[in-house]
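Same chain, two versions here, written out as structure tokens and called structure 1 and structure 2.
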Structure 1
Amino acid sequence: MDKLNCFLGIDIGSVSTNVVLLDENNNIVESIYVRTEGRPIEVLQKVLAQLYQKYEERLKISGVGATGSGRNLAAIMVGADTVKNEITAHAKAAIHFIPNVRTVIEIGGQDSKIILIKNEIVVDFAMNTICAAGTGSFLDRQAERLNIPIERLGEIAIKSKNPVRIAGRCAVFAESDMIHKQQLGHLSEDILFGLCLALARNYISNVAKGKTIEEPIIFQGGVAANIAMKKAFEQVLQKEIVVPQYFNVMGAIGIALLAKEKTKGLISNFKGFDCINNSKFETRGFECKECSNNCEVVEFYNNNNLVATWGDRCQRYSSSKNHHVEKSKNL
């Protein structure tokens, strides 16, 4: 039987880990969305094991890309061919699905972004500044407080006929506003949709500050699962918003596409499912006391071999000469 030639895209975000398999014609063979739950190494290994179980030897990986806030970790674990930031990856995927897209609204677990595109080129972008109000984890937290599963937040909120006004500028103020409204006896759906509207307004005035939002607008990232958020954006912008079919794994799709471009005519660095799943990855950290900077140094071990170091400002540890390359002898 012919092997299935695929490109692997890995997006390790703060809240979710997404993996996609893309075939040679850019069709999505497999897309997996799981919660990172603070254990990216374990979760990624589990997802890859799952893929291997399903396809076994039929799969040939010709390229791997890693993105998201855990991209450096993932890249070392799997032997990625390309490591890119999530903004580029998301833009790439958006352009792939809607070539004439002008605006990408992406809201993830810890950050929100706006990407402006013209003629299939990113012309401008912005991310939330130092505040994470209005991102997925805040919605998560509020849903939890009202004892509503996050998956159902959208369908409940969308029923609202009379949304309440909530301050979206700051997560703390928003929460106290919500509690106040709830104590006055407002319906849950009205409070929740009020929250969605507040987040949409906050996004427009904060992240998209001073930018012209033009159609077509594409809304992606985990929060796009919330149909009420889409409605809130449409109401605030008075424009139509498209949520693509694979909204929650767009970053992974984008990085798979980039990996495909990168490995054209080259052999992938992919370590193979076997190798990854049988390896023991471990992160150890210590506070360096060599100078008063007190850097928090993070060391990444593969089968007890030090393979990467991050966090030291002076690069005393992270300069590559201290690293044991995979092949070197066990210590």
Structure 2
Amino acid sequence: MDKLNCFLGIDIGSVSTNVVLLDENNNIVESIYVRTEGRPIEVLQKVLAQLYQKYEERLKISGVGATGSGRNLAAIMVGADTVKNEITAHAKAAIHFIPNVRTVIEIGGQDSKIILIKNEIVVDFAMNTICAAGTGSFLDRQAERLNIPIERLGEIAIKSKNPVRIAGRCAVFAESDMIHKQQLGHLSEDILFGLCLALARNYISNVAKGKTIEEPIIFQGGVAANIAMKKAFEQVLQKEIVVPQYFNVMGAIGIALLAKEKTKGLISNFKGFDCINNSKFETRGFECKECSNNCEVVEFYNNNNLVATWGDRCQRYSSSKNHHVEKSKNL
């Protein structure tokens, strides 16, 4: 039986866990987007179990990479060959689909980013630091408050013919302003598209502050599913925005591509589906009292054996433990 030789990309975020399988020709074999729901270990094990049930022994993993805010945890669980931050992974995927891309707008569940690229090299980037206004979780909250399924928010908003002005700089002010506009009797579609415009303006004036946004521009991340947000960005920027087919799993695609490069001619560290799904993973932690930093040290256990430690600035505990934990700044 011929094996399906694939590269596994894992992107664990605060809102979603994304997993892709790429074949040797970089074709997308599987693309999975599920809610993390505050249970990254359990959700990742469940997704990998689904993959194994579908392909069983036909699937051979020749390389695996991890990215996202839960990348260090995922890397230890699966035996990742490469671990990179979201900027690197998203830029890699964007360049893969549009080699001459100049700007990447990425908005996920809890954060938003801008990545500037020139000649296939990241030359600048920034992330939101002040407020969650404009991220996926904020839009989720507003859709829920208006009793609208989040999947339909864009479809309704794009019908607007007279969008209202919403203050989008702060999540609290934006919500208050929306309630005020509702009380004045404005149509839902006008309020929702007004919100999309406010979030686009907020992104440009904060996340992209001082940066030159050049075309081609790619819009990716879960919020790119909202067609009204794409229209709002195009209206504010007066530029064309491209939403790629796999907009919601671009980080996972990027890290899978990087894993393929890293393992060329080498044997993957992948632990195997059985080993991962039959293991018990647990996170514990403590506050270190060795100095005034009082670091919150995270310990990760596999079957009650301590396999990784991070969070200690001086690396008192982590220096001898971690083989897969990324050492660079947590982006």
Partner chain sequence: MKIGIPNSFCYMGMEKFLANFLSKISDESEVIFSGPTTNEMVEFGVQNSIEEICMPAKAFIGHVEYLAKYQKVDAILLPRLTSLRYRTYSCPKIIGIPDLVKTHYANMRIISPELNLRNGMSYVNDFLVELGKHFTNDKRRLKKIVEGFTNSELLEYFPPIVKDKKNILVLGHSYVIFDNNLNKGILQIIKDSGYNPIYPLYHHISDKDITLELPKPFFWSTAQNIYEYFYWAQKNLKLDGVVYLMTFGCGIDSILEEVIRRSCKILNLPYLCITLDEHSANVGIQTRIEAFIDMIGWRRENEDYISTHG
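For clarity, a rigid core is taken as the largest C-alpha set superposing within 1.5 Å between two forms. Please read these numbers as outputs of a predicted model, since none were measured by experiment. For numbering, take structure 1's sequence and count from 1.
>> Just verifying the output here: the form predicted on its own should be either structure 1 or structure 2. Which one is it?
In response: If we ask which form is the one predicted on its own, the answer is structure 2.
> How much does the C-alpha of residue 312 move between structure 1 and structure 2, in Å, when the core is lined up?
Replying inline: Displacement of the C-alpha, rigid core superposed: 3.7 Å.
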